[in-house]
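Shown here is one chain on its own, the form predicted on its own, set out as C-alpha cells.
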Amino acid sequence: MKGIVFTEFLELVEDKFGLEVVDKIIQQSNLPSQGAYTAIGTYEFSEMLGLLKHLSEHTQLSIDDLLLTYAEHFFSVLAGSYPDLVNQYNDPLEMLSSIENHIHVEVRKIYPDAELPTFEVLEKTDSKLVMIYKSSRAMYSFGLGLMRKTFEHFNTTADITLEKLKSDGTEVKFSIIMTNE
C-alpha cells in the first residue's frame, strides 16, 4: 500500500484525535515500519489494518465508519494535489464511471506499484451508475466515502447503495442514483 495512504491517515488521526492517539495506535500496532512512512514508500496492508483496528478500539467507531471519514479526507487531498484529474469531468457519474479506465491509469503513472481495486461498470445512464468493486483488501467503505465526496464536489447528491456480493467485502455492487441535477 502506498505511503501517501498512511501519511494522510495519520495526519487525519492527529487532526481529529490528537498526536497522543497517533502515538498510541502506532505503539499498539507493533508495526514493522514503526510508523515512519513516506508518501512515496510502499508498506504492507497489514500495517493499515493494525492502525485501523487500534483506532477503532480507542474511538469505539467501527472500521467502516473510520474508512468513510478517511475517504472523505483523502478525496480532498487528491483534489487538491491533482486538480486537473478531477476538474476534467463535468459530472460525478462521468468521473466515477471512468475510475478503472482513466483515473487508475493516471494513478499508476504516479505510483507504478500501487495495488488498486477494480471497478467494472455494469450500467450507466445520465442519472444512474451500477459498478462492481473488487479488491482483496475489502476497503469498500473507503470507496463509498470517495463516491460520496465526489457528489459533494460536484454540488449534487445521490442515493448510493451497496450490496456485498461476497460476505468478506472483497466484491461489492454499488448502485448509484442521482437525486438532483
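Not measured: the values here are computed from a predicted model. We number the residues from 1 along the sequence you see.
Not pictured, yet referred to below: the form predicted together with a small molecule.
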Which of H153, K128, H58, R137 has a heavy atom within 4.5 Å of the small molecule in the predicted complex?
-> R137
Within 4.5 Å of the small molecule in the predicted complex, heavy atoms considered, which of E44, D65, E115, E123?
-> E115
Considering only heavy atoms, tell me if Y133 and the small molecule come within 4.5 Å of each other in the predicted complex.
-> yes
Would L96 show up as a contact with the small molecule in the predicted complex if we use heavy atoms at 4.5 Å?
-> yes
So in the predicted complex, does M1 come within 4.5 Å of the small molecule, heavy atom to heavy atom?
-> yes
Tell me, yes or no, whether Y37 is in contact with the small molecule in the predicted complex, where a contact means a heavy atom of each within 4.5 Å.
-> no
Please state whether every one of the three residues F17, K24 and Y70 places a non-hydrogen atom within 4.5 angstroms of the small molecule in the predicted complex.
-> no
